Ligand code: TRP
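Take a look at this single chain in structure tokens; it is the form predicted on its own.
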């Protein structure tokens, strides 16, 4: 039986943080042996938040290095830049005819981004973001899309558009399904519901142990637990949320110690920092290797783009045939 195909991607905004790892990248790594994997560097999508293209290529390389350092195997995953396969743009145009503006305006992810990024005027590209994302997925006939919970509404839009195309012209595309990781969203260091570079509340995959410690020292905790001895509430403490992910073996002990006051916030934070740094240590080592071997990174990218172009062209031939476009 043929493996199901995964299509997922990230916008190239530079180095990744542990929120990216928990929300998507870890899931990609765990799935790479069992699925046919396509991972997109979404350099068109990044234009929705900045028109400055000076750093897009360098940011793409930085992100690809993080993917590889975290454990994505280039022998098992096709990795490529969206902008280098022009079929993304053509399919986006075709699919944009199959959805209304009102439907796109109801997208809750759009509302969250407008709030988080303080966007006053929504550009067409931002409104149509999930349509281009749909083209990204359907161009490679993705069956599954590993996403964080905030991206599930985008996948639902993709399903609707695929269904409408198939009903209108004949079946070409599968209806993709979201595949959530267990820890789909990691709180930011400021207690915000989402770790985000735009909010400045992140721990990067490339952060050395002393940096992780410094960042966690400033992280918000239960405001009523001021000093060691005070009873705290782990349920509202983001450090406890980090322990759940990065230190599950000590959860019961930390929970009890916090509530009783025996465990102080500083010791709790430093314990958490140690566990996070233990996870990051091999990633940082691999990152240093790849940073010293940039020609290898460029070869991996070129190989992925060559293969992606052939698959995308075959899909568009089917689209043209079904639509009688010659």
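Numbering follows the first chain given and starts at 1. What you see is a predicted model, and the numbers here were worked out from it, not measured in a lab.
The following text describes the form predicted together with the named molecule, which does not appear among the structures shown.
Only one of the listed residues (145, 216, 131, 79) places a non-hydrogen atom within 4.5 angstroms of the named molecule in the predicted bound form, and that residue is 145. Between the options 221, 151, 202, 83, the residue in contact with the named molecule in the predicted bound form by a heavy atom within 4.5 angstroms is 151. Contact annotation: the named molecule lies within 4.5 Å of heavy atoms from the stretch 131 to 139 in the predicted bound form, the single such stretch among 131 to 139, 162 to 170, 98 to 106, 240 to 248.
Using a 4.5 Å cut-off to the named molecule in the predicted bound form, not one of 228, 261 and 268 places a heavy atom inside that distance. For the chain shown alone, residue 17 is not a contact residue for the named molecule in the predicted bound form, no non-hydrogen atom being within 4.5 angstroms.
Under a 4.5 angstroms non-hydrogen atom cutoff, the named molecule in the predicted bound form has residue 45 among its neighbouring residues. Remark: residue 304 does not count among the residues lining the named molecule in the predicted bound form, judged by a heavy atom distance of 4.5 Å or less. In the predicted bound form, at least one heavy atom of residue 40 sits within 4.5 Å of a heavy atom of the named molecule.
Contacts with the named molecule in the predicted bound form, taken as any heavy atom within 4.5 Å, map within 1 to 20 to 7, 8, 9, 10, 11.
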